[in-house]
Structure formats: C-alpha cells, structure tokens
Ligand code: GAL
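What follows is a single chain, given as structure tokens, in the form predicted on its own.
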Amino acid sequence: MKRSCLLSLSLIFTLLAGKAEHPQRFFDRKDLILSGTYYYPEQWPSDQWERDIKKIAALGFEFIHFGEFAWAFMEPREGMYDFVWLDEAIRLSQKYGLKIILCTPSAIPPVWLSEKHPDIMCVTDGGQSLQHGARQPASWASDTYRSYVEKIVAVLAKRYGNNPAVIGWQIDNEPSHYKYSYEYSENNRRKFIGWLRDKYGGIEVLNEAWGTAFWSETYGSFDQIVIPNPERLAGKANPHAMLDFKRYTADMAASFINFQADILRRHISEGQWITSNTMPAHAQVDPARMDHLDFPTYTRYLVHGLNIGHGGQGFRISKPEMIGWNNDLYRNFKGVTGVMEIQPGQVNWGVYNPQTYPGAVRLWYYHILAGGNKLVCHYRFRQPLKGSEQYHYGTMQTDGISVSRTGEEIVRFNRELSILRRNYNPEARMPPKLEKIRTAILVNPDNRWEMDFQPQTEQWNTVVHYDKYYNIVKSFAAPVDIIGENADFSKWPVLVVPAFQLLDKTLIDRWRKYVEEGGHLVLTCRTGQKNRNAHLWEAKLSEPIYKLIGARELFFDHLPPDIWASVKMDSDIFTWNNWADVLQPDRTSETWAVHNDQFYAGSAAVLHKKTGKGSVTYIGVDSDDSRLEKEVLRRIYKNRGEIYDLPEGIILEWRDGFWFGLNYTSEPYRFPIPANAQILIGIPETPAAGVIVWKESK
C-alpha cells in the first residue's frame, strides 16, 4: 500500500511538472532583453553606495546583481547573521528603480567554516586538500558543507523571498572546481561508490560493464573502488570507470544546485525565478541535469589570448561560435536563457590579456540579444582596487566615477535597445526561407567525455569538430538549435549529428523514422562505434549504423601532422590528415566523395542515402580547413531552398522580426540588405566588430 501511494504521488508530481508554466512568464516579450550589472557593496565604502547605484540606473542598466561571494558578510560568525548592509543596498536599488538578482553564496565558505570543518574542502589529483582563499574550494559531496549551505540559503530566502524588487535568484557562481575539475576527497569517493551501487546493483555487473577482466582490475566489493585518477596510475585509466566518474561528477554538481533550488522554492514568491550560471568550457558540469532551475544561464569570456578569431585583429574580437553555440544550446534546455556574466573588456587571468577591439563588447551584446537571450549581466560595474581581479575591467574606471572605454559600449547598447523595443512587432514570424533550413545539432555529453579521454590521435578535438559543423551551418544563415536526445527531431528539416560515438538501437530507430518522414540527417566520423557503456560492438566496427547509412563495412585512418591525403568530390580535391573513415557502400547508397590516394584509393569517404521522404548523409572525413564538409552540406541545403553564403566570421541572425548582421572579422563587410529593409542601427558597410540591425517591411 505504501509503495502504491508513493507511485501515485510520483505520478502526480510528474504531471504537475509537465504542466509547469513556461519560464517566459518571468519576462515581457516586448522588452526583448534586460540589461544589468554586478555590484559588490561589501567591497566598497558605504558612503559610495548611493552614488554608484544611482549611476548604474542613470547608465541604462535595469537590474543589479548582489551577493554570490558574500557569505562571510552575511554570516560573519556561525549562526550570527548580518543583513543590514544588504538591506541598505536593496533599499537604494529600489530607490533608483533597479530590479535585483540575489545569489546564494555557496561558491565560497567563510574561513570559520573551513577551519571548523577542513574535511569539506576538495582534494586534488595529487592528494592535497585545497586551502581557504579562493572560490569553489568545497566539495559538492560533503554532507557537512551542504548542511551549512542549507541554513544560509533558507535564511536568505525567508528574508528576501517576497521582496517585490527581487526578480530572481542565482545559485552559486559558475559551479565547477576551476583548475581542479575533478576532485578526489573521501567524501567524493563514498558518494561515487553509492552512485555506482545504485547504477549497477551488484559488483559482478560493474565488473562486466567496466571490463575489469583486463589488466586484472576485478573488484570483489564496491568498497574496494577508488576514484580513477590518471595522475596516480602507471598506465591508462580504465575508460569505462573514467566515463562513469565524469557522469557521476555531472550528477553531483547538478544535485548541489538542485538541492539549493528546492530550498529557495519553499520560501520565495512565484514571481521570482531561479537560475545558475555555468561555464561551457567546464565540461564536467551539465546544465541539462540541473532540472530544478527555472532556466539555466551561462558565463562567457572571449578575449584572453586563446580565441584568435578572424584576421589580424581577431585576437581582440574572438570567434562568433564562442557566443553563438551557447545561445543555441542553453536556449533549448528550458526554452529561456540568459548570459549572467559577460566579459567587460580587458581581464587579468588570460594567457595574455589584450585590450578588446573597439566595438567588440557591444558586438557580443548584440549577439547575445540576437540569440534569443532574455537577460545579459555585465561583470562588473566597478573595477576592483584590491584582490585577485585588480586588472579586471568594469563599467567604470578605477576612479569609480569615469566610464571606461568598454563601459561606453555597453551604455550605447543600453540606449540603442530602446530603438528596438519601439520597433518590436509581436506578430513577427520567422521568414519561410529560414524555416526551410532550420537545423538541429544533436549532442550528448557522454560522447565528449568518452572521446576526450580516448581521442585516438593528438589531432582530434571534440569541441573543434562540433564548432566546425556549427560554423558551416551558420555560414548558410540557417537558424540553429543545439539539442539533446529528448527533443522531437521532426521539428527540424535538417539534423546534424557530429561524432556521436555512443548510441543504441533506440536512437538509430529514431533517426530512421526521422528520415523516412522527410528529415535530412547528417552523421559524421566516429558515429556509432560503441554502445552506451563505451564498449565496441561485438560486430564489425560501427555495424549497427550500416543499414541506416548504406554501408557494408568501414575502418578509420589517421595521418602524421605533416602528411596529407586527399579526397575527390566531383572535380574538386580536398585534403585531410586528422581522421578519415574509409567506407564500403552497399547498393542502397550513393558515393558523393572518394579517397583519392593511400592504399584505399577509390573507397568512399562520403555516402548519401535516400530513405522514404528524406535522406542520410555520412561524412567520414574530419579536415582542418572544413572545405569538404562545407561542400557536402551546401549540396544538402541547396536542395532545401535559398541559402546565404557568408564568409568566416560573418553572422546573420533573425529574432522577433529583426535581422542582426554581426561582423567578427578584422575588415569591413557589406551585408546583403534587401530593398525593403528599414535599417534601425548601423550601416550596410559594417566595420570590424560592427553591428547592423534592420527589419523588412511587407
């Protein structure tokens, strides 16, 4: 009877969750996007607060962000709370008409807590416990830490959960462990063992899944298991254990965020939303698992010496996929997203820290807007004079009263936003020519975790492979959504699936159904090599996808970095040396490209198969210059209708009736403005790091 009641309650909660209101309810569509900034009253003299907050409002910001690093000020001693300072900052924000985002301070425990309970701290792969003094030092797996987090979050929620000026809550800050992405504390080992018990049930099942018969790794009990640590192993770590540890870590991070969301939900009003800002670069965190949030948000830094971009000044502007991919990924978790932290200009922590190109910060803001985000928060209002981020730009210069060079770009965006709001048309619909080429890119973090650990060649880079296909699709100006396996594929005319190494029969059957009903499926190299446990099939390599793609057999090849091979498609020759699948077609597929040399010259490199109303295309080559991959995709898109042909670094987006032209190159670019266009912002001959926005009249 008890089990029956629990199942009934579970069903009720599932149904209620399915009927939950869409998070769009928190935002007025005609606002397009809300613009805000971080401010740290605890870091500045109290007699400057009103001056600063008044200035924030005067510069056109609409909300202010408080508290993610302020636990030591909220609870200076255990159980003794001080919110006088925060009450005053909130009062001043209300006085000047600013809305407020409050944060849970779990990113940094106060020193009294880490002194009293040193076991809450993360342990590195070298066995050292982290010290107090930097952010994200505490283990998500520590029950002791969670008990203290629960107390401070509940106190905050009760105090401000019904304040009408508070529009939302951010949980933690960029949950990750930064350079210690994976942690090895005893807290974490015990939780990992519990996770494995729940997943496998018996140790014999785990031994089979992990293949522990190899190298005599067999376990007699779960308690013998330690976290796989590549730094402390004489050889290659067990790849199945590593994959499970990465899955577990993502689950543990999500659990830490979800449990805080549940605390907040018990105390805050229905009009306040809950989010957390994750960083796409930290692959150990999976926002899809943080499903108790109203919506996820992301943090993005673009210019820090690693993202070279396009042309001689590209290192000051970055690459468009750094924002574009994340817009199109995060938007699809809950249907709403935002950028909770965007680079303000020069920073302090890069491999080198150049000045951003004039206009680059404004360009990023427009890309965020064009990508459908509902909010953007500038980090930070004042450049700090002390501490670890002294050289990190803000809206203001170090004197606290002069707007910085990049701050002026954000202020300009805030002003221009009013132009777009006046021209907003709630009846605007995506043009049919774009609808015909709408594209989904299917990803699953398991694939990245598995391939990053077993790349097979030093030239393989999973993220670069993903970005390549994203950039090709965007060069045709196709609207893109980055989706997971729970999505209904039929919504998109084209479905691109890059390097989907781990799969099962169910997914293959869904792909086949999608194609039969008229979808155009694009698969790339490495797809289907293993099952969900990362085992090679007891069959030919990738055999489960043969019938789908029209193949009899395949193998793959790699070349040294200084040796190149070629592929022929029609009369064109393309080169590669990263990865190439060598395919033997069956009688149901067409060969679109063949290997032009090596001992397998004449074998297929690209296959195309028509099935039902749609088609499957398999691209077996991963090249450096993307030329082959682009020509294959061009052929697919041309069969769908009109496409653009944009050069690298040029982005064309459509949102809410507005066309956005974004120039990430180092040279001016003339956008193809139609005759019926009304230009609202910018000029057709758009300068480097420039923006143009127009709408088309009927």
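All residue numbers refer to positions in the sequence shown, first residue = 1. In this text, all values refer to a predicted model and were calculated from it rather than measured experimentally.
Below: the form predicted in complex with ligand GAL, not depicted.
Asker: If you check in the predicted bound form, is residue 433 within 4.5 Å of ligand GAL, heavy atoms only?
Answerer: Contact with ligand GAL, no.
Asker: Considering only heavy atoms, tell me if residue 341 and ligand GAL come within 4.5 Å of each other in the predicted bound form.
Answerer: Contact check for residue 341: yes, within 4.5 Å of ligand GAL in the predicted bound form.
Asker: Residue 195 near ligand GAL in the predicted bound form, any heavy atom under 4.5 Å?
Answerer: No, residue 195 is distant from the partner.
Asker: Answer for residue 453 alone: is it within 4.5 Å of ligand GAL in the predicted bound form, judged on heavy atom distances?
Answerer: Residue 453: no, not in contact with ligand GAL in the predicted bound form.
Asker: Kindly confirm or deny that 135, 349 and 392 each have some heavy atom within 4.5 angstroms of ligand GAL in the predicted bound form.
Answerer: Checking in the predicted bound form: 135, 349 and 392 are all within 4.5 Å of ligand GAL.
Asker: Looking at 520, 289, 334, 177, which is the one with a non-hydrogen atom within 4.5 Å of ligand GAL in the predicted bound form?
Answerer: Looking at the other structure, the residue within range turns out to be 177.
Asker: Within 4.5 Å of ligand GAL in the predicted bound form, heavy atoms considered, which of 200, 182, 379, 248?
Answerer: The option sitting close enough to the partner is 379.
Asker: Would you mind picking out the stretch of 486-494, 586-594, 166-174, 118-126 that comes within 4.5 angstroms of ligand GAL in the predicted bound form, counting non-hydrogen atoms?
Answerer: Selected stretch: 166-174.
Asker: Can you tell me which bits of 478-517 touch ligand GAL in the predicted bound form, meaning any heavy atom within 4.5 Å?
Answerer: Contacting residues: none.
Asker: Based on a C-alpha change of 3 angstroms or more, tell me if residue 177 and residue 278 lie closer or farther in the predicted bound form than in the shown form.
Answerer: Between the C-alphas of residue 278 and residue 177, the gap narrows in the predicted bound form (3 Å or more compared with this form).
Asker: Knowing the Cα distance between residue 114 and residue 177 changes 3 Å or more in the predicted bound form, does it shrink or grow relative to here?
Answerer: Those two alpha carbons end up farther apart in the predicted bound form.
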